[in-house]
Every structure is written in structure tokens, then in C-alpha cells.
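Single chain ahead, written as C-alpha cells, the form predicted on its own.
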């Protein structure tokens, strides 16, 4: 893999996302957004990646990601998603959800729409309406789903002033992240180790399915769904473990993989090459997991410089009843095939790596060390 390029940006980065490329386009990702947190003033920013890295004063490679534009953001950016090529949705620690409009012609960001009190605490011990952080957002045009510390789920539609649907007491604990399982269904993860599936076609306020980690109720911080096999879901939690779930069966993870030494903040399947998965952690590491079952090909993906290890997953349930050819490599339980290779992508441990995103051959991540790292050649 080519050198990963660093850019120091004088703000702690909480979230980063690639701007989607037009459907059917052959171009690779060249623009990404970041959101900051824990700074005197926080920003949502858009960056363009240059062609080459330049040497910094220490002789290391420094990225020439160029700042295209930025806009002040009230509160910490808790989550960030592109709604489409022009619009970015930001979730705030103030409970507000904002859609920012990007105008490429004059390189400017502006507020397009806002739901100021999307998430808030009510009841005994809280003021009449005290804000609660909006912790997660997911977009599937024309809909936007948000979750928060208040245990509330909102379904918004662009250009609608009010929520189309709200599940007020969806969870008695903090909801940490949300993603779509399929169009009317979402998955949430919470602070007591539960993964819940919600179906917006159902009128009630109860989840259609609850899965959970056994034993200690370890908070789950992140979730992603396999892009091709929608029943395969990955989560990461406070203990740094990577959990793989098959939501068609059982109530527990299929595999638990020992991973990071501290909280796992994000997990992402590669959108077009889902035998590859990426995780980042409070412990300052960024990992590339390859679960492809072809031994010889796998080694060619990894070059020296990474922490190459082979991990065996600890399988919890028996998959014998599922037809082998349909099994995702993430659900395989044959020890001879069940090899997962892990490569560390950052040359040195840093402060917390809070966020990552992958699109095509490009990866970007952001850290508490006020650095953004980018590579454009993940699989070379």
C-alpha cells in the first residue's frame, strides 16, 4: 500500500466522509467532508485531495489535501453523512440536525435546513426541554433517520419541517449509531450491548427484533451492514471487539473477533469489496481486515510496513444448516478457511482515531491528534 498522507488541521476530527461519486462514473473519490469536536469553535469542512504528497520539514510525507470551504457548526459534530453530492447532514451534541448545501461553483457551504430540537431530554430531573446529543444519522433519499442520547428515533424527510415519524421511547439507554438494513428497516446499537431492528411499516414503538451480546452488557458504539448480504452486520464496542451478526438467526453474534485495545469507534465494510472491512479505535489504531478465503491472492494485498497477523475468529453458532455457497466469508466457520488477515494502516500509534471512510481505492480517517490521513491506493 502506498504511504498514507497526513494533514494537520488544528482541530480534533470527529467524523469524516467521502463525497459520493456520480452513479456510473469512472472517477474516483476526490472530495471528503470532516466534522470537528472538542474545539473552541467547531466546523464542517470540505477538502479536495491533491495528486501528490510533499515532504514536510521532518522528511515525512505530508498530504496536500486542500480546504475547499468550511462553515461553523454549533456544538460537537457527532455524526456526518452525505445526503447526495450537494448536501451533507450533520448531527450535533446540541440535539440539532442540520443539512448543509455545498455549491461547488463558488466553493461555499450554507445551511439549507435545520431541525433544532430533534433530540432532547424530558421528565424528572431535566429542565422542561434540555437538549440531548444526536449521536447518529443515516440517509436514504428522501429520508433521514437520527438517533440520540435520549433514546429517541426520528424519521425526517427533506423539505418537511417536522419529523414524519418519531419513536419517543425507543430505548431506555443511549442509542449510539444507526444504519439501514433495507429500505423500511433500520438497525440501532445501544449502550447496553443490544442491536435492535426497527421496521417503519409497523405502527408500534417496539423493535421487530432484538439481538444482544451475552454476559457483560458492553456498550456498542458502531454498526455497519454488509453491502451485498444484508443479513450480515458488523458492530464494534467499548471493549474493542469486532462482532459479526447474522440477523436471520439467533440472538447473539456469529463471531467475536479480538480486535483493538480500547473502544472501537467505527466499522465499515468496503462498499464494493466487502471481504474487506476497516475499523478504528480510541487506542490510536486503524485496521484493515481481509476475510477473503483465497490464500494466495490475499498476501498480494498487503505490503511490508503493516502489522500483519492472522486471526482465527471464535465462532458462536453452528452454520451447518446454511448452504455453503451463500455464506459470506464473514460467517464462515470452517477453521481451515476462517483466516482473517489484519493490517495496521497507520505507521505510528496516535491519539484516538475517531472516524474513517472508504470509497473505491481511497481511505480517509480523522484523529484527536488534529490530523487527517488519506490514501488513494488501498489495494495496490
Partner chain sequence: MEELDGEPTVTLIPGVNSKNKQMCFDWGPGEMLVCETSFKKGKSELVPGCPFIHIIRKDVDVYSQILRKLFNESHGIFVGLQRIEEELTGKSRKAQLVRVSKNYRSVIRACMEEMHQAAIAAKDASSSRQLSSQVSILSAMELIWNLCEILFIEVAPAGPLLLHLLDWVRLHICEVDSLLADVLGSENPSKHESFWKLVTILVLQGRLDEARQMLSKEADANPTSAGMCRILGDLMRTMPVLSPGNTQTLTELELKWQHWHEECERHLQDSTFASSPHLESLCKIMLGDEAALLEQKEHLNNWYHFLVTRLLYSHPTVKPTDLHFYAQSSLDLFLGGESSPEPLDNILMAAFEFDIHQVIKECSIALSNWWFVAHLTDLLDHCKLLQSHNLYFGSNMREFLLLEYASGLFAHHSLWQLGVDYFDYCPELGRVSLELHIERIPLSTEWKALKVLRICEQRQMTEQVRSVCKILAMKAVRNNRLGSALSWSIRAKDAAFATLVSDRFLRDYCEHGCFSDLDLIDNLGPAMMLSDRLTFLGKYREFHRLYGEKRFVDASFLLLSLMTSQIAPRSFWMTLLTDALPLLEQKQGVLWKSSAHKRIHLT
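Because the structure is predicted, anything quoted here is derived from the model rather than measured. Numbering follows the first chain given and starts at 1.
The discussion below concerns the form predicted together with its partner chain, not included here.
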Self-check item: Which of 188-196, 227-235, 109-117, 96-104 sits within 4.5 Å of its partner chain in the predicted complex, heavy atom basis
Solution: 188-196
Practice problem: Would you mind picking the one in 209, 140, 81, 173 that has a heavy atom within 4.5 Å of its partner chain in the predicted complex? | Solution: 173
Quiz item: Tell me, which of 28, 39, 31, 344 has a heavy atom within 4.5 angstroms of its partner chain in the predicted complex?
Solution: 39
Quiz item: Applying a 4.5 Å heavy atom distance criterion, does residue 261 contact its partner chain in the predicted complex?
Solution: yes
Quiz item: Is residue 282 close enough to touch its partner chain in the predicted complex, meaning at least one heavy atom pair within 4.5 Å?
Solution: yes
Quiz item: So, in the predicted complex, is residue 85 in contact with its partner chain at a 4.5 angstroms heavy atom limit?
Solution: no
Practice problem: Look up in the predicted complex whether residue 122 has a non-hydrogen atom within 4.5 angstroms of its partner chain, and give yes or no. | Solution: yes
Self-check item: Complete contact of 10, 150 and 349 with its partner chain in the predicted complex (any heavy atom, 4.5 Å)
Solution: yes
Quiz item: So which bits of 348-372 sit within 4.5 Å of its partner chain in the predicted complex, heavy atoms only?
Solution: 349, 351, 352, 354, 368, 369, 370
